[in-house]
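Presented as C-alpha cells, the chain that follows is alone, the form predicted on its own.
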Amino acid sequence: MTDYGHDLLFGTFVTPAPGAVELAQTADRAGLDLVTFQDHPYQPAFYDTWTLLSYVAAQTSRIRVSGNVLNLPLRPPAPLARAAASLDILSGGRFELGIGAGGFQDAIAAMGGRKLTPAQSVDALAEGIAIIRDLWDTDTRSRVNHDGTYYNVVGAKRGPAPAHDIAVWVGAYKPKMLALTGALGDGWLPTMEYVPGGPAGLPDANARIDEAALSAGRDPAAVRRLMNFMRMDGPPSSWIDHFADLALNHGISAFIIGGDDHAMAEALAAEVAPAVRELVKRERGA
C-alpha cells in the first residue's frame, strides 16, 4: 500500500487535431485541472503540439496545459526551456513540462533528429533535463555551461524565470527510465495500457522510482505519480472506486482520460473528481 499524499488532479488527454481547442475549452469550463496533448512532430495529421499548447493557453483561463509527453529529440532542451518559461509567464503559471526520451527513432531521424539507441535516449534525456533546469535557475549568477555527450550549451544566459516552479513529468516504462524519473523527475507520467503488467505492475514501477529517489538523496514522495487512461470501460460512475484504489494503494494522484469526448470531460469534472476526492480524503483521515 503506497499513498504519497499528493492532492488529486483530473484532466484530459486530447488528440492534437481539429476539435482539440474546443475540447480544451470544455475541460477548462468544467473545472478540470489539466489538459494535455501527445507530441509526435513527425505525424502530419496532427497539429504541432507546442503551437497548440500556446494557442490553448490563450483560449482558456484557468486550466493547466502540458505535453503528454514532449518529444525531446526534436525539441532541443535549451530552446525548449526558454519556450516553456515564456509560456508559463504568458499563461499566468499554467504550464507543466511533460517530457520523454522519444520512442519512434526512425520517424525522429526522418525529421532530422538523431537516431539513438534506447540507452542513449535515456542518457540524452538526463542531460536535457539538467540543461532545462539550469536555464530556469535565474538565482544563479553564472552562465550555463554543459559539455555533454548529446547536448552542448556554452555560456548561455539564464532565464527567463518561469512564473511558478514548472514540474518536470517524465514518460517512463522501462527500468532505466524509471530510475531517471526517481532521480530527476517531479512526476511519473505513463499510460496505463502500456505499463508492463497493467495495474499489477504498479508496485514494481513505484519501487524502482522510490529506490532511485532515495539513492539520489530525494524523498520518493517528491515524485508525483500521474496516469493516462486511453480506454475506460463502463460509465464514469464506475470509475470512482477504481481511481480511489489507485490513489490509496498505488500512489496515483493525477487521472488523465483520453477519448476526445466533451461529455466525458464534463462527467469527469462534475461526477468522478468530487467523489474520488471525498473517498480519498475520508480514507486518509481514517
Partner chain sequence: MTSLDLALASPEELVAAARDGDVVLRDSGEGLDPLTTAVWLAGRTSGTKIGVSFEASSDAMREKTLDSLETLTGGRVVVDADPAAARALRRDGIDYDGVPVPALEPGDRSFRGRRSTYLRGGSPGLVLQPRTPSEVAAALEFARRHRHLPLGLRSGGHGISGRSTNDGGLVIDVSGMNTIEVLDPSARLVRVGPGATWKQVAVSLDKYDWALGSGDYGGVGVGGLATAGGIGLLSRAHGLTIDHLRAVELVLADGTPVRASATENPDLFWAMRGAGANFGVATAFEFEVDEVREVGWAKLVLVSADLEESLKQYGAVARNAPRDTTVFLVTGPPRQGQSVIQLYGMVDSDDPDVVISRLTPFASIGMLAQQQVVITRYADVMGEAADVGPEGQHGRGEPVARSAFVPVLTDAFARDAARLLRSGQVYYFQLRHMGGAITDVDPGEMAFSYRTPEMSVAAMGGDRQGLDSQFDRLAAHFDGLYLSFDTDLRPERVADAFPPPVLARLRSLKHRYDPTNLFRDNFNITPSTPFTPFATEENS
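Note that the structure is predicted; figures quoted are calculated from it, not measured. Residue numbers count along the first chain shown, from 1.
Below, we turn to the form predicted in complex with its partner chain, even though it does not appear here.
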{"item": "Its partner chain in the model of the complex: contacted by all of G31, V65 and W136, heavy atom 4.5 Å", "value": "no"}
{"item": "Stretch in contact in the model of the complex with its partner chain, which is absent here, among 170-178, 144-152, 124-132, 75-83 (heavy atoms within 4.5 Å)", "value": "75-83"}
{"item": "Contact assignment for its partner chain in the model of the complex, among M232, M227, A57, L246, heavy atom within 4.5 Å", "value": "A57"}
{"item": "The unique member of A163, M111, A207, A216 whose heavy atoms fall within 4.5 Å of its partner chain in the model of the complex", "value": "M111"}
{"item": "4.5 Å heavy atom contact, P220 to its partner chain in the model of the complex", "value": "no"}
{"item": "Close approach of L87 to its partner chain in the model of the complex, 4.5 Å, heavy atom", "value": "yes"}
{"item": "Proximity of V21 to its partner chain in the model of the complex, heavy atoms at 4.5 Å", "value": "yes"}
{"item": "4.5 Å heavy atom contact, D260 to its partner chain in the model of the complex", "value": "no"}
{"item": "Residues from 41-61 in contact with its partner chain (non-hydrogen atom within 4.5 Å) in the model of the complex", "value": "P41, Q43, P44, F46, Y47, D48, W50, T51, L52, S54, Y55, A57, A58, Q59, T60"}
